[in-house]
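So this first bit is one chain, no partners, the form predicted alone, shown in structure tokens.
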Amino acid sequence: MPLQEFTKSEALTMGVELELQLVSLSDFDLNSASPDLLNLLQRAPFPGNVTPEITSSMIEVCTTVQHRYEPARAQLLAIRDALVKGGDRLNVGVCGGGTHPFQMWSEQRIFPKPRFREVSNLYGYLAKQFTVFGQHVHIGCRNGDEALRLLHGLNRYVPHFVALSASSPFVQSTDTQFHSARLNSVSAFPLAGRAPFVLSWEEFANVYFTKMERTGVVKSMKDFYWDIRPKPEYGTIELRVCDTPLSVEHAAALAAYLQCLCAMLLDRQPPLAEDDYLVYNYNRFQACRFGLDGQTVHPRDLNLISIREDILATVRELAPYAYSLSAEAALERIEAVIRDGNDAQRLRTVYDRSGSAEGMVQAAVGWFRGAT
């Protein structure tokens, strides 16, 4: 079936998706509670949308289409409050974090939905290991060509989002020494990584996608697990590299940071080349492994730069775009993360103090509810 036409959207609109953990409040392990929680939430109006995820200890929430940072933040807070209220009725905790620090993947249950069963049959144990939790951000585009230019223009900023959102230092009760171990689980899928360097929607849809479909490997864009992918049915690009932060306020700030970056790229129209990707995997690894302390190679001048300093310099560049989008408060929050550390560092601080993986989950549940 041909790839559908790219739906026209209002430029720079945004939507936020969060995959969230459901945990027991007695032992803080993951809890297969999504069927009960979804059933409960469907009985009352819900701000945004809530859906199941691949295993039953996960749910996904998403905002409606948003234009500015503050309304997006307000809706995420309302979503958070509705989830907490529902979880309290079921004695289930809800929290962010890119991985649960001590869950056993073999104990997870695939949610009974045809798409998830299909993924489980194809990918085997990888499907249950995909019990990891990410934030996806959609940015509206006026046409497919604009979407592809933005997608490739963002490649050098991907380490920013990995480092700023990193919240998955532990896997299976072990400190991985990564800030974002979640992306290692995503990378196991054969259609993960980066999108092909194509700048024309006609070429992407009628040449690349058509060839891939003929191979029998893909049926739709859902089969691509790329770091950034176009979503023609929504008229957006979708950034998928972020761990789910420990607070919805941080999630809103990351979305606004992406919105400002896209505004700058649309305004400046920087030159794009496939060679920009020569250092892409190395830079992405540095952000996953070392977080804000990582060192990346600039794809154009090949200078080694600190991720922390590069973000601070970018925030200064974005000031006029943040002003026009009323996103100054979001960039202040990004600067606070640079100053105070990312969520992976917060979780390790709790572990160092308590010596308990359960203590990290307990703290994450509190932070999601708004504790400081």
Partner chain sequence: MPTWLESIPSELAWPLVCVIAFALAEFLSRSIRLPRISTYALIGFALGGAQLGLLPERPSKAMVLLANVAFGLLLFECGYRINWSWFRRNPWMLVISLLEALLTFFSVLMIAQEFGLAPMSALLLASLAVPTSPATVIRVIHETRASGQVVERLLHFSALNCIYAVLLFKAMVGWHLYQRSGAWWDAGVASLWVVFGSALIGAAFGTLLPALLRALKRTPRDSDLVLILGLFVAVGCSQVLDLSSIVVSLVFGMVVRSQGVILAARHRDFGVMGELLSLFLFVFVAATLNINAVLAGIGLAVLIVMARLGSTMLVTTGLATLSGSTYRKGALVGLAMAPMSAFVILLLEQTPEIGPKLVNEIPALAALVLSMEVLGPFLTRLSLKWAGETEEEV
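Note that the coordinates shown come from a computational prediction; the quantities given were computed from them, not determined experimentally. Residue numbers count along the first chain shown, from 1.
The form predicted together with the partner chain is left out here; the points below concern that form.
**Q** With heavy atoms only and a cut-off of 4.5 Å, decide whether Q177 touches the partner chain in the model of the complex.
**A** No, Q177 is distant from the partner.
**Q** Check whether L30 has any heavy atom within 4.5 Å of a heavy atom of the partner chain in the model of the complex, and answer yes or no.
**A** Yes.
**Q** Hey, in the model of the complex, is K219 touching the partner chain, heavy atoms inside 4.5 Å?
**A** No, K219 sits far enough from the partner chain in the model of the complex that none of its heavy atoms falls within 4.5 Å.
**Q** Quick one: does F102 come within 4.5 Å of the partner chain in the model of the complex, counting heavy atoms only?
**A** Output for F102 is yes: heavy atoms within 4.5 Å of the partner chain.
**Q** Which single stretch, out of 303-311, 66-74, 34-42, 336-344, brings residue heavy atoms within 4.5 Å of the partner chain in the model of the complex?
**A** Result of the contact check: 34-42.
**Q** The partner chain isn't shown here, but in the model of the complex which of L90, L272, L122, L199 has a heavy atom within 4.5 Å of it?
**A** Checking each option against the partner chain in the model of the complex, the one that comes within 4.5 Å is L90.
**Q** Flag this candidate site as yes only if P2, E5 and N143 all have a heavy atom within 4.5 Å of the partner chain in the model of the complex; otherwise mark no.
**A** Not one of the three qualifies.
**Q** For 352-372: residues with a non-hydrogen atom within 4.5 angstroms of the partner chain in the model of the complex?
**A** Residues within 4.5 Å: G355, S356, E358, G359, Q362, R369.
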